[in-house]
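In the block that follows, a single chain appears as structure tokens, in the form predicted alone.
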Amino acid sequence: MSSPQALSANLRRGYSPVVKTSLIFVAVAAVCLFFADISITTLDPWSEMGRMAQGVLAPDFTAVAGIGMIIVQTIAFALCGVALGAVGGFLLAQIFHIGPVRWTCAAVRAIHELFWALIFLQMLGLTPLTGVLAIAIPYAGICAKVYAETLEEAELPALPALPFGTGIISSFFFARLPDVWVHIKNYTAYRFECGLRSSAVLGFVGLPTLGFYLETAFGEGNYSEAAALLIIFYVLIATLRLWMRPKLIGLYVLVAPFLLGGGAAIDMRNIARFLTVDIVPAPLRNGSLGAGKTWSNLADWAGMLLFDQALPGMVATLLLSQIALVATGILALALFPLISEKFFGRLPRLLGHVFLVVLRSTPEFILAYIFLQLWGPSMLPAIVALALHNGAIIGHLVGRFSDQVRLRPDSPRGLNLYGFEILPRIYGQFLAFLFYRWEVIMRETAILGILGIATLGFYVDSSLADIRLDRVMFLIAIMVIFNVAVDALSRHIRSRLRLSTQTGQA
């Protein structure tokens, strides 16, 4: 990674590659904004906003019956899913350099947890295993990537000190793993926080987590109850370090499967039908494989889905995600001073931390759902939701990174400190975090189609509603290819600009 001093000098001169790359992305977002639908379609958004504000100011905790069990099950789904995902990801990280393994991990993490839940619902029904696997599978792909990159980028001073002839397993456990263990442990803890958000959102497909009751409260206009649920969730996230003690993690993981609740029995016939009939394209299911007409019908079927649904969905997803990416970056640069020691004292930073915790703890799906109630089903709710959630995450990471910057005794203050001292020296790390979140933003953009926004997820949800699972799998396959391409481009840009997220994971 380029030194902060060199990057600072280049930024001042205005020809740094990172500056050129930033300007290109801003220009692309501006063009996308010209074609995007950001209209407000509700008749009286201010009135609805006023009722929501009243609910926030007067949360009704008495209306939340059985909140203890709701929170316990939300935690249990997150624990089981993240534990399985982390173990699977750690094992996959050891062979991540193998092409098929890397591609498989990219494919599984390209599918959002909600889509995985909707897929498993068709096979397993509304069972606890549906929720656990919906978190575990994409998280295994994500953890494999992060753990592998951590091992790849880390400096390993202990490795040269090993005696000649030391075996691969011994060198891994005695030299490589100890040097990266702190990074892996910290990222896994962060991934559990993400798992809590994912677990809450799974309630929107019927699982007994926080999102199920939150959707009900918003749907009925009970904003005081919804506010109470959100406040409890924020407290849960904010106190994570108090109750998620390292010595208790093993006990939590052992107990969690017994707290997931019950559900319908798994029917193996449903699984067999899904794998052998439901996901098989209709032309192949209804025709002879040896007949030319069958393959002609398959081509027509695929062409219809590609041009009528996949391409429009991809264009909308790209438009929305590129605008959201740049909006995320702008917001992160505006938010990080709130928690930086270079700009504020202890009390203002504490308030800044609380503000960022609220923003980053609220899943973008829930934020978009709230904004949809205010503004209607355009791209605007999705853009604002994605920018707020991801901007708070990156702002938090950049704020922590800025604390490491050493200033001269005669350094300026205020805006001059921000613009001429801090920003040039943290900008490379900021871009590393932003590009690292690019794939995530693309994935989140697609899933927001379930709420009625015309991204790829909208067409997937429509096919699910019509019980056309072959179309669902075709569209998800297109989504995977799309996300893998973005991930590869992001990785190429970060490599080209020599950007690294080793100092913290986004």
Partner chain sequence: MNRLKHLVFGAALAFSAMGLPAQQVLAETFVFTAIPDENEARLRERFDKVAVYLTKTLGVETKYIPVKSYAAAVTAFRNNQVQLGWFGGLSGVRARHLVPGSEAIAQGFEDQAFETYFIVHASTGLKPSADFPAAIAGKTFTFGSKGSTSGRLMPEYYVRQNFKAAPNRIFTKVGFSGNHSKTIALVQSGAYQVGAVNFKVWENELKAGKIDPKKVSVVWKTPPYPDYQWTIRGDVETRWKAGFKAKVREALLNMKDPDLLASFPRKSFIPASNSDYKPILDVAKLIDLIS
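We call the rigid core whatever largest set of C-alpha positions still superposes within 1.5 Å between the two forms. Just so you know, these numbers come straight off a predicted model, no measurement behind them. Numbering follows the first chain given and starts at 1.
What comes next is about the form predicted in complex with the partner chain, which does not appear here.
> Do residue 39 and the partner chain share at least one heavy atom pair within 4.5 Å in the model of the complex?
Heavy-atom contact with the partner chain at 4.5 Å: present for residue 39.
> With a 4.5 Å heavy atom cut-off, would you call residue 57 a contact of the partner chain in the model of the complex?
No, no contact at 4.5 Å.
> Is there any non-hydrogen atom of residue 401 lying within 4.5 Å of the partner chain in the model of the complex?
Because no heavy atom of residue 401 falls inside 4.5 Å of the partner chain in the model of the complex, the answer is no.
> I'd like to know if residue 377 sits close to the partner chain in the model of the complex, meaning any non-hydrogen atom pair within 4.5 angstroms.
Although the partner chain is absent here, residue 377 would touch it in the model of the complex, with heavy atoms inside 4.5 Å.
> If we take heavy atoms and a 4.5 Å cut-off, which stretch out of 96 to 104, 355 to 363, 243 to 251, 342 to 350 is in contact with the partner chain in the model of the complex?
It is the stretch 243 to 251.
> Work out which of 234, 181, 295, 420 lies within 4.5 Å of the partner chain in the model of the complex, going by heavy atoms.
Result of the distance check: 181.
> Given that the partner chain is left out here, which of 84, 318, 71, 327 has a heavy atom within 4.5 Å of it in the model of the complex?
After the contact test, the surviving option is 84.
> What I'd like checked is whether 19, 25 and 28 together line the partner chain in the model of the complex, meaning each has a non-hydrogen atom within 4.5 Å of it.
No, none of 19, 25 and 28 comes within 4.5 Å of the partner chain in the model of the complex.
> Do any residues of 216 to 230 have a non-hydrogen atom within 4.5 angstroms of the partner chain in the model of the complex? If so, which ones, in sequence order?
216, 219, 220, in sequence order.
> Align both forms on the core first, then report whether residue 270 has a C-alpha shift of 2 Å or more between this form and the one not shown.
False for residue 270: its C-alpha shift is below 2 Å.
> Under a superposition restricted to the rigid core, does residue 94 display a Cα displacement of 2 angstroms or more between this form and the one not shown?
The answer is yes; the displacement is at least 2 Å.
> Once both forms sit on the same rigid core, is the C-alpha displacement of residue 435 at or above 2 Å between this form and the one not shown?
No, residue 435 moves less than 2 Å.
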